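Shown here is one chain on its own, the form predicted alone, set out as structure tokens.
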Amino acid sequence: MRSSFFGLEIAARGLFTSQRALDITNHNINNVNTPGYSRQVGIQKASRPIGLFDGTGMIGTGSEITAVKRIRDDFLDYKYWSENVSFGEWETKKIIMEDMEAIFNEPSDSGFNKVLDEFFSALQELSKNPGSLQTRELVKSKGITVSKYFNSTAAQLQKIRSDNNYAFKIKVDEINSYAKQISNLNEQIYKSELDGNTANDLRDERTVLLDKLSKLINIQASEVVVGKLPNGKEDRRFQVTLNGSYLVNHFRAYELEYFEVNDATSPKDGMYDVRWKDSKNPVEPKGGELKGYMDVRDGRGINGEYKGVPYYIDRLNEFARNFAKAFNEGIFKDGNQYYAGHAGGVGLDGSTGIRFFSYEENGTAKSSAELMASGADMDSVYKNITAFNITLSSDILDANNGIYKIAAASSGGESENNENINQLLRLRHDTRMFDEGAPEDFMKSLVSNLGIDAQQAVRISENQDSIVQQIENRRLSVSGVSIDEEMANMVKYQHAYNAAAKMISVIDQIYDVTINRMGA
């Protein structure tokens, strides 16, 4: 037999149901601007009915909220993470390649073409007046400028490499931090859900961390069923894997560690690499910012490697030593001698065999003799010259007599002889000097390749950004909070609450008449 106050109980359930729905709506509105927040809805259903003893059927007992559900599409999360890793990699490459383009600074009034043009212009002036000490000083000054250009460019590229190496270390720390936070959230979520509830807000926090982690390195994340709990529910555990190994397994996070490579045969020599802290097994990033930093930091463009900073430094080294050899000896890249070179000419003081370009070691420029004594043959001699250390020989740099040793003449005792300097001037446009052609062609090819690589990074980065944004918009269309929708829900639940309250008032009036006024 149902209670005399059964109607009040139903109405009270209506109040509770509407109030709970309003609470959920309130929570959604409060988190409309919370990153990663997923819209929540109350799962409302009719409460268990009561069977009537007179056999007329069952009577309803009102409504109730049985669960608070997080609106989320797991497939979109998977898509986001799989595309975000590529976005992280190419965005990193784009930023670094743009920095490298700024270093070469072409075309400009201070780039390579300008520097080389001024150097050969000074040689041109010297050919007009080989005996002029003032013009010889200008040639020496512009030669120093050419050397400084390569020294500075190589140093700036190396600085970018060092900065990338530091950023690499920071990213490894970030990965460990996110993995630890995810494992802590796993524990909180697992314990919160043992009674059958769903830890919606904690799951959102975990998803935000996975979004950030997926931009750093390639990961796979999934919730797997490992058995049954004592209450009969599925025992679900969340796992994050990296190249098939656990980064996070339920409550445990597996740390990565960076270490400095000491292997002269490795392109990573002196740089950081990453491995698992426990097993010391290497980790090879297949995407994300970590791979972006590694590719640009270590790529030599050999066997399909990315053309990173080492590739461009190698190319600058190649130019510096081949240009120095051609200018000093008249020997081109193919090993043939086409000109007498600076060493084959004669200076104003009668000196000959003097090399114009040499290299610097421990802050001291090597003399022409020291340069030639530094190797067994011509190739090994000029291997000592790099973009980092190229300079004028100490013979030319000598403050007192250096300019007298600039070999403008082809024979001694002829102060107006300009035959050798005219040969050196032809080097500028001699297309046999490099595979790419003349010196300017080589550098144009180098800068052009850099521009193409930078454009590729920009294009792929922008494409990936567009894809990631598209997926994010789809996620928001599913999980995001709409103020308009929540306002409508608020009004709907408010009216439901008012109606339930009115029902209580009506029932109260009925009981008042029945109890207090009948028979009065």
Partner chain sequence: MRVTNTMLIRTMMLNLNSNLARMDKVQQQMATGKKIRVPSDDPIIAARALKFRTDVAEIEQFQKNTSDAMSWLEVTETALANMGDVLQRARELTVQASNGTLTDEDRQKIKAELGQLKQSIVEIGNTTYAGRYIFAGFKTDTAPFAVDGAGNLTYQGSAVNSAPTGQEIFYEISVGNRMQVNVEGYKLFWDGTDERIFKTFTDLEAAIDSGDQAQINSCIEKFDRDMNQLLTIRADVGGRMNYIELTENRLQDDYVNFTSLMSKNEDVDMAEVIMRLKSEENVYRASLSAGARIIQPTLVDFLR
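What you see is a predicted model, and the numbers here were worked out from it, not measured in a lab. Residue numbers count along the first chain shown, from 1.
As for the form predicted together with the partner chain, it is not shown, yet the points below apply to it.
The chain here is shown without the partner chain. Which stretch in 325 to 333, 355 to 363, 426 to 434, 183 to 191 comes within 4.5 angstroms of it in the predicted complex, by heavy atom distance?
In short, 426 to 434.
Among Arg237, Arg275, Lys148, Lys444, which has at least one heavy atom within 4.5 Å of the partner chain in the predicted complex?
It is Lys444.
In the predicted complex, which of the listed residues (Asp117, Glu257, Asp73, Asp349) lies with a heavy atom within 4.5 Å of the partner chain?
The option sitting close enough to the partner is Asp117.
Thinking of Val32, Asn417 and Val478 as one candidate spot, does the partner chain come within 4.5 Å of a heavy atom in every one of them in the predicted complex?
All of them do, each having a heavy atom within 4.5 Å of the partner.
Though only this chain appears here, would Gly227 touch the partner chain in the predicted complex if you measure heavy atom gaps against 4.5 Å?
Judged by the heavy-atom cut-off of 4.5 Å, Gly227 is well away from the partner chain in the predicted complex.
Tell me, yes or no, whether Lys280 is in contact with the partner chain in the predicted complex, where a contact means a heavy atom of each within 4.5 Å.
The answer is no: Lys280 has no heavy atom within 4.5 Å of the partner chain.
Would Gly196 show up as a contact with the partner chain in the predicted complex if we use heavy atoms at 4.5 Å?
Gly196: no, not in contact with the partner chain in the predicted complex.
Considering non-hydrogen atoms and a 4.5 Å limit, does the partner chain approach Leu52 in the predicted complex?
Result no; Leu52 lies far from the partner chain in the predicted complex.
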